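As structure tokens, one chain now follows by itself in the form predicted alone.
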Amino acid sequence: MLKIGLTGGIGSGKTTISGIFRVLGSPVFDADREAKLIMETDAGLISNIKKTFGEESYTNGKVNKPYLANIVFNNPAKLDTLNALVHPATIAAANKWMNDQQTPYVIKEAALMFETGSVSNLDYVVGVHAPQHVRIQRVMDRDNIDREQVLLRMSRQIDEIIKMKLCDFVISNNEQQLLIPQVLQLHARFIDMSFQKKSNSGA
């Protein structure tokens, strides 16, 4: 089985691409969604977050998002501290999930893949690329925020050009090229590569 990472900057369209892979029958681990779940179910993580950021970090067992956001989004050091608590638990959950799958390949979708070092457990990484002006408009429309807020979020991620150079494959989501043919091509390639890997291992 191949372990494939799917990443891209904010607003690049990772969720859309992962949805196409799901339709093709490939399991997808949504790291951002799972991280939020883990933050409310992992007792050890909950305890550490409360110790670090205060009891107000949770309300009735749920993450107090406005409270935490107010602390970390304007303080890079605090954001790094929160990520240092959450990412290891999320990476461990992803690794366990991938090892439990039986399909030719699986997809792990994560925005901060190179930033967290989670690529070390993956065979290949697919990058989703979109021009900055397109990404900015998408996020403004999606999250109902202004341009400055979007740029601030972007500044916390690896530069898009560098990120795409680190990827093994790139899908262009520039609203000009069709997405499905690009994903179908990768799907067929991953199936073939998985078969070759299995044959070479003698399994």
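Model, not experiment: these values are computed from the prediction. Residue indices: 1-based, along the sequence shown.
We do not show the form predicted together with a small molecule, though everything after this point is about it.
- Residue in contact with the small molecule in the model of the complex (any heavy atom within 4.5 Å), chosen from 56, 40, 175, 168: 175.
- In the model of the complex, the small molecule stays beyond 4.5 Å of every heavy atom belonging to residue 185.
- For residue 191, no non-hydrogen atom is located within 4.5 Å of the small molecule in the model of the complex, even though that partner is not displayed.
- At a distance threshold of 4.5 angstroms between non-hydrogen atoms, residue 147 is out of contact with the small molecule in the model of the complex.
- The small molecule in the model of the complex is not approached by residue 156, whose heavy atoms all lie more than 4.5 angstroms from it.
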